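There is one chain below, alone, in structure tokens, taken in the form predicted alone.
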């Protein structure tokens, strides 16, 4: 009975959805954009800053979803690729600054070129060997900033000038919401607009021929090779797409935190991105979004609970990574397909029960 209550309106809505994949994805992005505007206008500047942080985590995570979830390649070096994008943005927004959209595009292109080199080197590696190679990337790249300290600022890094909201945009938002445009809110808008654009492109790509052949390579390499697919070229292409997303994420990160420094791109960042993809659900863009939300909102929520329970600030802060680790273990044990996999399983169980009841009648 409960399942029928859910499935009936869903089936009714499906009749009005566009028949093409592009149309459905555009509609989903439009709905998400309206939701983003409502959330950003109804929340505090602190939440705006958290949502800006979530946007660059999510951009990198959806790119990693293509590489790991769709093509089956493990990368522990996406933090280093984000560093490439961040430093490219910092250099282009320094003296004689270019417009920030040009800097973001350049960051994606430069990181995609780095992805070609890394992907070509990693295309013959599998499993732990590939993980080890990308781990070396994560460890080595931030050190380049210290070696070339004259250009990249050494340990202190490079300051980044954040873009300011254009007057027409601030006036339009004030007309709609009667709220002033703060710097944090504008950066959140910038990050989420970039994220939605990236998700639209990746959703179409995953539904295309490339998405199908990437899945074929992930599921059975031998069968894919016998079918005539060039595995090396497809692996490099997946790495390039994923690296371009990481470069964009690094560009947004640099503008949000106003700094590109080696301490922001440690191995912890790469591991956090991978855990976000696993917790959310491998191969799902929505899962990457959920995992990114956990990365941003779970630690402060646990810290607040800890201080409310009488722990000191240090003890409460140490509790957050412990709880995150417990959540990761529980999700892996209870839902190997991540949160999105669990939701899909529950949905199928509900619809199957509904069909069985209908057939019995």
Partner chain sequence: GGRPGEGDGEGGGASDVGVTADTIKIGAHFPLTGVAAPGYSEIPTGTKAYFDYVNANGGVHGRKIEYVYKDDAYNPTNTSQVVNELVLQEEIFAMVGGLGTPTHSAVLDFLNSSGVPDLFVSSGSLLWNQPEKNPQTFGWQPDYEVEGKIIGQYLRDHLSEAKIGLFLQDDDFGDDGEKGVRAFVGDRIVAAERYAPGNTDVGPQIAALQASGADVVVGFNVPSYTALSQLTSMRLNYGPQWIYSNVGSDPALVGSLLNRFSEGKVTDASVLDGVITTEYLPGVEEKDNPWTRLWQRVWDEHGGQGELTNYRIYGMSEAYTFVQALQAAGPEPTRAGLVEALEKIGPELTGPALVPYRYSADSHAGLSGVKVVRIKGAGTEDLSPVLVTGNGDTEITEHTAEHAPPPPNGIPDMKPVG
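Everything numeric in this text was worked out from a predicted model, so none of it was measured. Positions refer to the first chain, counted from 1.
The following text describes the form predicted together with the partner chain, which does not appear among the structures shown.
- A residue is said to contact a partner when one of its heavy atoms sits within 4.5 Å of a partner heavy atom; residue 43 fails this definition for the partner chain in the predicted bound form, lying far away.
- Contact between residue 109 and the partner chain in the predicted bound form is not found at the 4.5 Å heavy atom cutoff.
- Using a 4.5 angstroms limit between non-hydrogen atoms, residue 156 touches the partner chain in the predicted bound form.
- Using a 4.5 Å cutoff between non-hydrogen atoms, residue 84 does not count as a contact of the partner chain in the predicted bound form.
- Contact here is defined as any heavy atom lying within 4.5 Å of the partner chain in the predicted bound form, and by that definition not a single one of 188, 193 and 341 is a contact residue.
- Comment: the partner chain is not present in this chain, but in the predicted bound form one of 92, 259, 236, 152 has a heavy atom within 4.5 Å of it, namely 259.
- This chain is displayed alone, yet in the predicted bound form one of 102, 113, 176, 146 has a heavy atom within 4.5 Å of the partner chain; that residue is 146.
- Within 4.5 angstroms of the partner chain in the predicted bound form, the stretch 284-301 places a non-hydrogen atom from each of 296, 300, taken in sequence order.
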